[in-house]
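Below are two forms of the same protein chain, given as structure tokens: structure 1, then structure 2.
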Structure 1
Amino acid sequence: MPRIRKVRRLSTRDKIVLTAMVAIPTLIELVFVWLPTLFSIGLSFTRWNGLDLTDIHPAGLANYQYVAQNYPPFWPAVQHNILWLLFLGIIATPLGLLLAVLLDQQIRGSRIYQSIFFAPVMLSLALVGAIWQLFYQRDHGLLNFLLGTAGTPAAVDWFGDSNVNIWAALVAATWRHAGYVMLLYLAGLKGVDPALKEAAAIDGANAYQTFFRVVFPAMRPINIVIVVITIIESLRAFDIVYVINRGTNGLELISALVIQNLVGEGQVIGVGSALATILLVISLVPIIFYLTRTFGKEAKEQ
């Protein structure tokens, strides 16, 4: 009862402000996130040429069947997305952590190194493309020059050879991702109470033990964020492959296929929506799993 009385004490102005503060974000969320999502899911069960609304015909599961059985780039795209997740999770993210730990020491010029590693995160896509072109170009690229193969038939075609271009793209993606992760971990490391480290040192722990037994577990909230970011980054990976060759010839990713099918003259709304829905479901699974596990555990501990 006292609660209700408390609410009643809100003035009309308060009520208007509160309503607006709740309603406007909800509306934005509804219009820009939920409605398009629901439309996409709905359209994935139809055939539509994108022209007249009366041309929308129900198609049942035909689009999903088409994607899974007849659309050659689909399964390579799924594999590449998984590879992307594993690569970021096993190599890029730990690399970011390593950089953060190293730069957290009292080394001279730490700020400069931080800026250098973080720079790629801020660069525009055009620049990222230009920079990696310099490394990877077949005839004049730095890599082939260092390998001594530039201008010879043995030159590796880093972007054109479908056996190697996914790795070339992953290295470029790591270049950006590691800097991002580094920054988050640097913030996390700063937030760890130094007293914990001192206590560990007094107890006779070496640097290795201090980090993995004390500091790393203490950064739990950051770790959750990093895992979620890594999963999201690997699923929405798009820009680098799109810059290289628009996600064809060995660089297929589900996100790139969604774009190919939904945008432009070649639009097949049904198929593109089906791909987008598949991507949505895939993204939800690991994130829901991880979040419920993590937060569930936390709830139990309290």
Structure 2
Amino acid sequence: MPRIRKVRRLSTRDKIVLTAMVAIPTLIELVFVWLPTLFSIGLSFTRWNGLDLTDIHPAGLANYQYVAQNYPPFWPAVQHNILWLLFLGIIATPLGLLLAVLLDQQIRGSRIYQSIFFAPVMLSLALVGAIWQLFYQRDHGLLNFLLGTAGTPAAVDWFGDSNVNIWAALVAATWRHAGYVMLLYLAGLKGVDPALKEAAAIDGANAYQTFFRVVFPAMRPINIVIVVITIIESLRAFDIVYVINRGTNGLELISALVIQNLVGEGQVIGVGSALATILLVISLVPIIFYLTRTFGKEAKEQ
């Protein structure tokens, strides 16, 4: 007769530890994330100079109406954020996937290449912007030197020309984003069961078919994470454009407009909060839509 094991009850000390492990992170997130978010949403419906709490006056939807109809940088910023998302999604993310696939082939010096491609990820976007300023500098930059135009009238001002600076900034952002995606996909590739590849090879599948029909679908959890990260990165891209020219002259982004209205002498708290709320909604909608569809399909398959 099998021996019945007694279920160990939690002691008072265990209950206190578990409660603290749940309560402390929840409290931190509540204080530093949710309360400021709700406070910002509330301020978006007010007029306030940011100094005296008694000077807060209700404004209804006036701030949102001003942003949509009378704030010139807003719609260019929306277009630039969409372009940023498309560029990261179509260029930077596939580039990171390609690097991961190549480095997963056990080539000589793979660890060194991984370190080289991952190094930009450890740098802040502000530092990335500073580095690429040296590369793109008009008179002494490396790019114009390689093109043979440095110090001549034909030299391109890559960050100063509003016709090309958004593309120059996107290349700089890709340098960092591709390394991050590469690392995540490398971890995903290591977790794929080798038996799946062997079964595909036995069935006569070539390398292309094996990857896109077997390996890539098996990395579905990683794909979800990367989609969410790509959306977030495209919408919170602030540091790099602020270092370049404070998010003006062709580099307008919603995140930069938020800072411009919340910080400095010309701060307009209501407008800045309205822009922050718009940015929050824009970021949440595609993420929620994608996750709902993804997990909905999984539920139906089960």
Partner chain sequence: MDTRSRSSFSPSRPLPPIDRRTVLKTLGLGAVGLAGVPLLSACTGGAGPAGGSSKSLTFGSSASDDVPKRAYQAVVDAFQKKESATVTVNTVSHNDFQNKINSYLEGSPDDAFTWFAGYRMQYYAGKGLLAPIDDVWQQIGSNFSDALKKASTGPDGKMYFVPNYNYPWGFFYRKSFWSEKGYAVPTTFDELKTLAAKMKGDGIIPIGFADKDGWPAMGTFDYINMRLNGYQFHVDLCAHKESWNQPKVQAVFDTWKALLPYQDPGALGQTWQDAAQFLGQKKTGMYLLGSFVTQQFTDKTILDDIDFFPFPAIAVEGQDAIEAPIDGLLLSKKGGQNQTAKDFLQFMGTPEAQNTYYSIDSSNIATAKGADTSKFTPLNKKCADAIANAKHISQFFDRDALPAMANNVMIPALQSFIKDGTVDIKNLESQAASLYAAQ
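In this text the structure is predicted, and so the values were computed from the model without any measurement. So that the term is clear: the rigid core is the largest set of C-alpha atoms that superpose within 1.5 Å between two forms. Residue numbering: sequential along structure 1, first residue numbered 1.
Undergrad: Give me a 1 or a 2 for the form predicted in complex with its partner chain.
TA: Pick structure 1 here.
Undergrad: Is residue 21 among the residues whose Cα moves by 2 Å or more between structures 1 and 2 after superposition of the rigid core?
TA: True for residue 21: a C-alpha shift of 2 Å or more.
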